[in-house]
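Both blocks below hold the same protein chain, though in two forms, and each is given as structure tokens: structure 1 and structure 2.
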Structure 1
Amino acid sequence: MASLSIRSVSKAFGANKVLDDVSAEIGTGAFVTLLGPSGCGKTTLLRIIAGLVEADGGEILMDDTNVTRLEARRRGIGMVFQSHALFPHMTVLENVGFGLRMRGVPRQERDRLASEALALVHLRDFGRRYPQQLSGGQQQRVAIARAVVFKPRVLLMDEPFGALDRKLREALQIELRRMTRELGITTIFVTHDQGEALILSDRIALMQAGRLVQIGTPAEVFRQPQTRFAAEFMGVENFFAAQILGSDADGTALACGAARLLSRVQAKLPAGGGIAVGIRAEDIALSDDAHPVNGTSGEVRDVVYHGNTWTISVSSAMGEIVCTTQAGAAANPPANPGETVQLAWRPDAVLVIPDP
């Protein structure tokens, strides 16, 4: 229930620059996911926000109050650690009630609230157990209950669903989304999983090597990745170097070697500029049309079956192209290696990436 401002935060461990001028404004009650590869500084950023690590430079503000020098315990931030960090010699109920105990909530009230929080993560009957007597996924859920039970102003979650199977994960995603919305808790949620990020977030922040490379709504980040890294992280497989021929309200005309492409995206860039073009594999289809608006032809190199889909690699004049097609009920591959095929894609599938 507080807004959060991260202003020019940097941090180095020795010579290793882990965070480099990270800034973000997160509104009250917003749900932001932090998405990035391993080692890019996600945990470090959370620890700085929580007050467990001191930044080398920059400021953290909560509701416009500077908390950069405030002790962790006074920030009222709930944190779910990547490794759960449950207290091993306390029962599950005592673990969950710890934050309330530190706030002087009397025993009975504490136990009642802790039980409620446990019910929220589907662990109502586990209060008497010790953490070692739980599975990894159950421990993770206890850690979540412990971090939310005292209604923190800001909730930081470091890959809290890592050890869960898909069904439970999806159930808890919905539960978490509902809970943070209801309570209006400002949340930063770290994940490796772009699918999870798209489902949960109001906004997605993409991080690469200690820098925030893009922050935007799920649709923005999915449809308009600003860098090649962002595009790759959001699941774009095909990239081509391209030149802008012209841009108007309808879209952008591009030259990609000898091929001509049309994109629906309006490039806010001058003609003649070199950019990159990205196309998702699932947006490319095998076509019967010999001259589609967007497309190319090439020789099939490889065909791989994935159950629901086929992945086809095609060697074309534009370069190597990967496309996936729905498999349907037919067991036959849609194309065979050595065959020449025509590929086509719609103009709105062509993503213009200003920073290749």
Structure 2
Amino acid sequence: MASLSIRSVSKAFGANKVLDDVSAEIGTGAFVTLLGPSGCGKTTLLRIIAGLVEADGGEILMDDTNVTRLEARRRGIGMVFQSHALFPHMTVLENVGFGLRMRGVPRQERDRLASEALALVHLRDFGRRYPQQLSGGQQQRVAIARAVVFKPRVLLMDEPFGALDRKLREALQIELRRMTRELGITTIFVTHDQGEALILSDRIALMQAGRLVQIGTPAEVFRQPQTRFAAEFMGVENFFAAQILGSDADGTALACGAARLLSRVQAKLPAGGGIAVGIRAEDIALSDDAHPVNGTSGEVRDVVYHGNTWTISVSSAMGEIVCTTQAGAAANPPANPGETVQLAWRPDAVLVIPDP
């Protein structure tokens, strides 16, 4: 296992700047997810760490050793891609042991190590089978076993579950979380799925247009987005322009038109300044009573049933508001189009977004 330092890494392909001065520190044994939309540069950064792509500028350090110019095969890195890339003419055991074979490990020893790696992914009894005899999920487990069998210093994974169905993907996410923590492998995982990032990660590095816009624990990135982009990407549905009335250690008082809001976040702007606020749909509740602070009324425009939840769109003086309520066993909607409803939310649900 190794710590990893990414220092001012930049990369362009022609006129297209893919990475722009990206820096991050990743501790030994940490699971860090590079999260962002397609084209934001996360896969290019992963390939630069692996030594498969050369950076235009910046450095990659592993345990304080500069590996920026070190060829890929000498970095001690394991890699897993969305494509399993298993050899069809080799057994599962031979596939897992292939890297050991290339390193000159004797047959008996590499079979033992390959069997141990297969046991980690719950496939010990599948060693004599061939890849075509396995399901997609089993093939991906074999690919993971192959990547960890030689005890890599760092494990890199590029959307390894992207081609799997939802149920299998969720099962493998839990397995991967267990295995990487059991082995203590420093892991960098690429995905565009924020739910996957929240489940797996110790820290999330959120990328936008080649830049690292926020890095923190899953709870920090989810609950304390630092930009409008971060808030939107992490699932905040409701945004409002607000004016700061005052801020102290208890939080920030805001005006959104005639509505009054209180946030637990202490704004770093003076009274009178404008700022954006966000509220998650699941943090807004239908209320029996009017709330003079952190509440508003409005007319229901639409109600959508999702099975476990109802999504309700409300036209209010603050603007269009979307809220989500639990459906439970009830088949009837909590409100109907045309009805007037009261909405309310807690102070800790009001996200103050520092940057646009």
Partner chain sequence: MQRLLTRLAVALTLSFILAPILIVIATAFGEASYVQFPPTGLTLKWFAAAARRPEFQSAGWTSLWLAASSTAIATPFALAAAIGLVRGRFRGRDAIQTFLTSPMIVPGIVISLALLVTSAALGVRSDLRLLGAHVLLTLPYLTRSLIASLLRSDTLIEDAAYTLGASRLQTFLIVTLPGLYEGLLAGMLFALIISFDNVSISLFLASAKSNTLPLAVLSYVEFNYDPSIAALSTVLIVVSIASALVLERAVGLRAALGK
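Everything quoted here is computed from the prediction, not taken from an experiment. Only the largest set of C-alpha atoms that superpose within 1.5 Å between the two forms is called the rigid core. Along the sequence of structure 1, residues get numbers from 1 upward.
Trainee: If only one of the two is the form predicted on its own, which is it?
Mentor: Of the two forms shown, it is structure 2 that corresponds to the form predicted on its own, while structure 1 does not.
Trainee: Comparing between structures 1 and 2 on the rigid core, is the C-alpha shift at residue 293 2 Å or larger?
Mentor: Comparing forms between structures 1 and 2, the residue 293 CA shifts at least 2 Å.
Trainee: Given a core-based superposition, decide whether the C-alpha of residue 126 shifts by 2 Å or more between structures 1 and 2.
Mentor: The answer is yes; the displacement is at least 2 Å.
Trainee: Once you line up the core, how about residue 76: does its CA shift reach 2 Å between structures 1 and 2?
Mentor: Where the cores coincide, residue 76 shows only a C-alpha shift between structures 1 and 2 that is less than 2 Å.
Trainee: Give the rigid core superposed Cα shift of residue 166 between structures 1 and 2, in Å, rounded to one decimal.
Mentor: Its alpha carbon moves by 4.1 Å.
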